[in-house]
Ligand SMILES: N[C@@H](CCOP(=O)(O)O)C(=O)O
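Given as structure tokens, the chain that follows is alone and in the form predicted on its own.
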């Protein structure tokens, strides 16, 4: 705590950093803005809001200063700067007091060289995986929730009318929100689509003490209801239309640059559902470029499940014809969204990063995930979507063998054990499950065991 106070005093002698809500992608003549302490989710025109930082104040310090500051905090135990999110506090929520911050020191997730998968599956030398699923609740959603719940903590201390925080969720959002609310002692309300999320995901908000409503609809139906409810009751909306979450999520992009010693990769591939994350990555990379930490940004790829692919169809139309779709069931349940809130944000990010969109069928994503698992990566289905997109882009020659490429893994594979079990037991209808690895049933005697082992060793001696 002493180090925190010293750093607060040091920052107090520098220009005052600030941020505000503005309409997303507003005209340069727009004067509409709101203080972050206001409870507001949409602009007067009904569009999304964005958090805009005082860039002139931030630019009083050069890129070398910011790189040194962020690097000096990384992985330390100084509150709250040891968090991968709050180590960039001046770029996230510059005006929040440290006592209001609710954190598990999220972020700082490992970026590992996927050497074997890269060489054997896609013929690449420089493939990396940003393992955002290695976090407190097992997904990247923690990065955004620490920011949102910290701001709610501040609002309640300021006696703003917030009695609870609510979200619609396909699993990971509710897990993260309920955990951070539980740490802060703030009531949490969750709307879930019945029978559409894994048991491992359902148990998290329940165990965290949230009030869970299971509804006979899909995510889009839950989202519509939570928006109507939060318009009527003093319940703070925590879904990604709330731009505070993106401020935390963008720090994963900054972390990637840090972990590469501020060298910019060629490509970053992100699974996309409600599409806030692809914009958050763009925002993090762009902010680093604008403030002089790097001189370019990577090309972004948004990977969608073919069963929930409105952004892919929009991209294929040349960004001319967007239509929401009715999302079909996908093993990548967290991105089973047909009418994404952040469609405009995602299109903006991709157009401004020379980015592209690729899709993956159910068989492609499950096969890609199984291949990765067999090489020790143990991926969630959403990461399978991103890996399948990578495989397709390599086959098309869009991504070159020597391109430095990062695949963002968004959740922990242990949340999706049922789908993995079904795959390896070949219980998925109309799917070949080409990389299934079923247990071999043998009698409990030495002869049977030796025969099975002999067959196994002979097969591997030939490979």
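Positions refer to the first chain, counted from 1. Quick caveat: nothing in here was measured; it's all calculated off a predicted structure.
The same protein also exists as the form predicted together with the ligand; that form is not shown, yet it is the one meant from here on.
In the modelled overlay, the ligand taken from its pose in the predicted bound form makes no contact closer than 2.4 Å with any backbone or C-beta atom of this form, which marks the pocket as open. Note on contacts: among 251, 330, 150, 173, the single residue with a heavy atom within 4.5 Å of the ligand in the predicted bound form is 173. In summary, among the residues 288, 168, 350, 179, the only one with a non-hydrogen atom within 4.5 Å of the ligand in the predicted bound form is 168. Annotated contact segment (heavy atom within 4.5 Å of the ligand in the predicted bound form): 233-241, selected among 251-259, 364-372, 233-241, 151-159.
Among residues of the shown chain, residue 334 is one whose heavy atoms approach the ligand to within 4.5 Å in the predicted bound form.
Proximity of residue 245 to the ligand in the predicted bound form: non-hydrogen atoms within 4.5 Å are present. Contact check for residue 83: no non-hydrogen atom falls within 4.5 Å of the ligand in the predicted bound form. Shown alone here, residue 274 lies within 4.5 Å of the ligand in the predicted bound form, counting heavy atoms only. Residue 219 is the sole member of 208-238 found to place a heavy atom within 4.5 Å of the ligand in the predicted bound form.
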